[in-house]
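To begin, one chain is listed below as structure tokens, in the form predicted alone.
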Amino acid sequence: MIVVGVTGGIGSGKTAVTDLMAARGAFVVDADLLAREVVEPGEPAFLDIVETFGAEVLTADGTIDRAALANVVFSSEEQRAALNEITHPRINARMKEQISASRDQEGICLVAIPLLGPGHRERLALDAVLVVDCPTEVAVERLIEFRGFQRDDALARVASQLSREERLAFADYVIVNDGAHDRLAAQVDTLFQELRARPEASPRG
């Protein structure tokens, strides 16, 4: 099994890439999905979030209001760090469990991590890192059109993450997602075949 970390800025289209790869047979570990799981009611992270940020980050049905929580944490580095301290260890633990299970199989395991940094390569024993890249303005327009962001909010969210240059500096593979679906699919096809041709990694951990 080849284990590849996948990252990119918000609005870059990471999910489009992992969906295309999954359709070709890749196994996907999605940090965003795990991030939702670890804050469900009854989970330890849920209790810690309510204790730290208060009941105002809950919806009427008692679940985490992700929009309200985002408004709190993206306005303050201190608050963002507090949330990361609560959620990241739990997300990382679940990612490691799923990656470990995938290593008994053959093929490609993609680990989609929006905030992937150089340290994840060692922590998660990644064999390679794929960056999904697009111009900042394209990402901003996608956030406005498809996710309902106001322009100022979209710009602030993009600015809060690693820069394109920082992500590209630790990429082994790059897919540029700035336009037509057909062009994106062609890049995915090429990368999928290249990854399939790599020697299988030895089981680890």
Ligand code: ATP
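Numbering starts at 1 and runs along the sequence shown. Computed from a predicted model, the values in this text were never measured in an experiment.
What comes next is about the form predicted in complex with the named molecule, which is not displayed.
> When the named molecule is placed as it is in the model of the complex, which of 167-175, 58-66, 139-147, 39-47 ends up with heavy atoms within 4.5 Å of it?
Replying inline: This holds for exactly one stretch, 139-147.
> Is residue 33 a contact residue for the named molecule in the model of the complex, using a 4.5 Å heavy atom cut-off?
Replying inline: The answer is no: residue 33 has no heavy atom within 4.5 Å of the named molecule.
> Would residue 179 count as a contact of the named molecule in the model of the complex, using a 4.5 angstroms cut-off between non-hydrogen atoms?
Replying inline: Residue-level check for residue 179: yes, a contact with the named molecule.
>> Considering non-hydrogen atoms and a 4.5 Å limit, does the named molecule approach residue 16 in the model of the complex?
In response: Contact with the named molecule, yes.
>> Taking any heavy atom pair closer than or equal to 4.5 Å as contact, tell me whether residue 195 reaches the named molecule in the model of the complex.
In response: Looking in the model of the complex, residue contacts with the named molecule do not include residue 195, since no heavy atom lies within 4.5 Å.
> What are the residues of 85-117, in order along the chain, with a heavy atom within 4.5 Å of the named molecule in the model of the complex?
Replying inline: Contacts from 85-117: none.
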